[in-house]
Every structure is written in C-alpha cells, then in structure tokens.
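Single chain ahead, by itself, as structure tokens, in the form predicted alone.
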C-alpha cells in the first residue's frame, strides 16, 4: 500500500490538467456552505439558543469532547469575560458566513479557510442531533481548502497582493491526493452497501422512492414485484465500488462521472438532501471534471505565403 501511494505521486504532471479545479473547490464549497448556513436561519434559535428544542447544556453532554461546542466555549470564558450565551451565539452566527464570503472571494484565503473550518466544526459539534453527512463532507472540503493553494487563481489575493502561483508539480500532487481521497470514500461507501442487505435486495431504493414528500405526486407502487429496485440497488453498489477503477480510465471517466452526478441528483430529488448532493457533486467535479477540461487551444499559425522569387 505504501509503495502504491508513492507511485501515485511519482507520476509526471498530466498535460491535460487544468488548475481551475482549485477555483471550483474554493468557490463551490464556500457558496454551498454559505447557502446551507443561511437555510438554517429560520430554525437557528430552535437549534442553538437557550430556548432550543434541546437545551444547550443537554446537547453539550452528547458532543464530541475532542472538539469544543458553542456552549462549552461560553462556559469557558464566562468566568473571564462577563458575556451572555446569546452574545457568543451571535458571534458565531455572524463570523462563520463572513469567513465563507472571504473564502469565496479569495481574500486572505488560507486564514479564511482555516477559520471557516474551525467555526464549522464548532457549530456542527453544537448540533449533534441535527448533523448528518453533509457536515462531514463539508469539513473534508474545507480542510483541503486549508492545505491546497486554492487562493492562487482568480482570487482577490492575486489581484491585490500579487500572490505567486505554485508550481505545476505541486498542483498536480495536490490534485492526486484529492482524487485518491474521493476514490477511497466511494469505494468504502460501496463496500458498506455491499455488506448489508438493504441495497442488495432493493429495499433502500424502495424506501427512497416512497419516503419523501417530493414524490407524493408520483405513485411508484407499480414497481412492486418488479426487479427494478433490485437492479437500481445493485447498480448503485457497483457504481460506488468500482468508482476508483473506471473514473481513472480516460475512456470511461465521463460516463462514470455522469452516473455519479445522476445518483446524487436523485438523492436530492427523492430524499430532499439538496445540500449533501450539492457538496458531493462539487467534490466530483473538482476531482474528475475540472482538471480535464482542455485549456485554451493554441491558435494555429497562418500558413506562410509562398515567397516570390525574383528573376
């Protein structure tokens, strides 16, 4: 395994690599995270305030104690600074979307990414009862925004501070690391589905088609006693399990990528997980679409005119 990983990073830089994948990662995850946080605002007080559905002191007891929560930070500084819990909550409520806007614009990109990740982890750790997969994958994307040179292209850092672009070799190694991580995620997701029975017998597909209000206008009962849910379940398992193989083959890359995008669009429509699907689509486009877009094709030089030979 160690030799395999070393060989990945020893490969030469691909000539078709387009550095716009870094812009896709930065802008995509910042925009989706900002929209996700704004979507929480109508229920923000019900989730985080002192009068929330689950009291902050009770929610704090179930948090991951390796990371702080908003309430634990409040209790830590309460004896030092005379501040209310609502004031601490307002600080996070304002600062987090502000750092995402800085990240989106590419202004002080790395500090903005680090602060966005830290605030995201604290906020997510404060809403354990309401957190799901989108928060985990957002954390992963923000982490890569911290370590990759994403502010070196189409950013205010470049425009105002003349930030120097990294070498092509460094960009290539960052991309390979990101692609490897995405492949590992899908492989083990497919392996987990294969080890269970819900996807192998089509039950998960049946529940997905009948478990969300968006499909109330369509009756899928006609699929009962048909092999369609079973086939879709197995297709999903194979799509994820074989992702690392076929997504890295040039001839099958676009078809596998299209299948993954259709899969996540279906999750958004049938399960209502819009932000989760958006984050996963951004990760896929960043890893396996944007890097392979052909850059500006060289303009063909006009054919030289035949020289007149003087007599």
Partner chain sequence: MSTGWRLKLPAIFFYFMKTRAVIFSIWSRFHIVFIVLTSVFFAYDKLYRFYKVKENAPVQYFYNNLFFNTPFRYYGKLTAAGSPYGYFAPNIRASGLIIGESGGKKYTALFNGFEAAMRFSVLSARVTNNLIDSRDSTDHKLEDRFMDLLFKSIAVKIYNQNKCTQDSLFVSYNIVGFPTLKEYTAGNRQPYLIKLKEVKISK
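Numbering follows the first chain given and starts at 1. Keep in mind it's a predicted model, so treat the numbers as computed, not measured.
The same protein also has a form predicted together with its partner chain, omitted here; what follows describes it.
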Candidate site 242, 244 and 250: all three near its partner chain in the predicted complex by heavy atom within 4.5 Å: no
Candidate from 73, 107, 147, 95 lying within 4.5 Å of its partner chain in the predicted complex - any heavy atom: 147
Contact residue in the predicted complex, chosen from 195, 159, 81, 90 - any heavy atom within 4.5 Å of its partner chain: 195
Residue 154 within 4.5 Å of its partner chain in the predicted complex, heavy atoms: no
Residue 115, heavy atom within 4.5 angstroms of its partner chain in the predicted complex: no
Touches its partner chain in the predicted complex: residue 255 (any heavy atom, 4.5 Å): no
Any non-hydrogen atom of residue 275 within 4.5 angstroms of its partner chain in the predicted complex: yes
Residues of stretch 19-50 in contact with its partner chain in the predicted complex (4.5 Å, non-hydrogen atom): 36, 39, 40, 42, 43, 46, 47
